[in-house]
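In the block that follows, a single chain appears as structure tokens, in the form predicted alone.
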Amino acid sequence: MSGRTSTSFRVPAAIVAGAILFGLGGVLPGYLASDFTLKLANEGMLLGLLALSVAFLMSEAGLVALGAASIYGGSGYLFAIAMNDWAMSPTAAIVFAFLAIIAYSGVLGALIVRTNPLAFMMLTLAAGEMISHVVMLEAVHDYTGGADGLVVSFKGTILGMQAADFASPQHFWPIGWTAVWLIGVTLWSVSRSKLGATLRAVRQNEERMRFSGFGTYVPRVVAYVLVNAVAAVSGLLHVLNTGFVSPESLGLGVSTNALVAALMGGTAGSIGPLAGGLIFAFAQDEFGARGATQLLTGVAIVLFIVVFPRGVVGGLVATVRRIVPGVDRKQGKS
């Protein structure tokens, strides 16, 4: 079967699968036993969104960012400061925080994407660690709250919703779920665009792309800003949900959790990282109840990566292709 026919098969199948999952997720709150379970699902969903930003950069550009938490927590701090100290409306504070993160990402990305993948990873880690220490400085304590963090003084509404609505797991889930799927579809579309094809070609052989006359710098900067925009949305949703932001949200632990969630769910596509975020959140709760969070988390990570080297979703897709007759043939692989 030709590549064109294979593509024409994959696109409708992906759209149908995405629509079904979106619908199932939309009715999820009605079937969960408690608000606590839904609260965990909300946390997993937001971690999955952050994991999606990490996974997209890995799969498309071959770059690993260890500073995702600085964007995630940084957007929350900017929103909280704009609300508490500058008396902005919630909507204006969101726009300000988002645009400030985009500007920061553009400058940082312009400086670091020229480096090799290992140096890029270390530079994102260094930048993230610097920001996590800045909020602890005595000079900015009145704005950031130091080690105590900030409680957001939420006054006004966003799309007619009060602070209490965002704090409610039942009310927050459809907001977060819709945002997650809009972003997932956007990244999926980008991966299928000329930009996505260019990024993958640069990942495979940057030198050949340059010799062939293609620019390799701007596409990487654009990709870096794009994934940081996703991380910023995740951070803003988190601060709206919890009404609180602390130095922990900027820490390396959040970045590594996102990376682990992406590897557990699978870095290819939009569904894998989201699934990884949900798995990670529920597993952490279960491990914590047994009093051995770190030990069991380490064991689980090793098992997941050994058993599912392409992530849970990647493994399931590969299994379906082996079991269901004709799927590989329709996709031009036999």
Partner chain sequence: MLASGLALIYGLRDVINFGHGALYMLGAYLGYTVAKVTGFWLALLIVPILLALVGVVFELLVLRPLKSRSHIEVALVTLGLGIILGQIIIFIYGGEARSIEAPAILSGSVTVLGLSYPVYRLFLILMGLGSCVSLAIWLRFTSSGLFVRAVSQDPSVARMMGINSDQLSLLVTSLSAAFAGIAGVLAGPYLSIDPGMDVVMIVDCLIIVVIGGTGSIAGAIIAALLFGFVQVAGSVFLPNVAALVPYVLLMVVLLIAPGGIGRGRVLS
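Residue numbers count along the first chain shown, from 1. The structure displayed is predicted, hence computed values, not measured ones.
Heads up, the form predicted together with the partner chain isn't pictured, but that's what we're talking about next.
- For the partner chain in the predicted bound form, the listed stretch (110 to 118, 204 to 212, 188 to 196, 87 to 95) containing residues with heavy atoms inside 4.5 Å is 110 to 118.
- This chain is displayed alone, yet in the predicted bound form one of Ala127, Ala100, Ala82, Val221 has a heavy atom within 4.5 Å of the partner chain; that residue is Ala127.
- This chain is drawn without the partner chain; in the predicted bound form, the residue among Val64, Leu40, Ala268, Ala283 with a heavy atom within 4.5 Å of it is Val64.
- For the chain shown alone, Thr178 is not a contact residue for the partner chain in the predicted bound form, no non-hydrogen atom being within 4.5 angstroms.
- The closest heavy atom approach of Val306 to the partner chain in the predicted bound form falls within 4.5 Å.
- Using a 4.5 Å cutoff between non-hydrogen atoms, Leu259 counts as a contact of the partner chain in the predicted bound form.
- Among residues of the shown chain, His171 is not one whose heavy atoms approach the partner chain to within 4.5 Å in the predicted bound form.
- Across the proposed site, Ile20, Ala164 and Leu182 without exception lack any heavy atom within 4.5 Å of the partner chain in the predicted bound form.
- Contacts between stretch 292 to 316 and the partner chain, counted in the predicted bound form as any heavy atom lying within 4.5 Å, involve Ala292, Thr293, Gln294, Leu295, Thr297, Gly298, Val299, Ile301, Val302, Ile305, Val306, Pro309, listed in sequence order.
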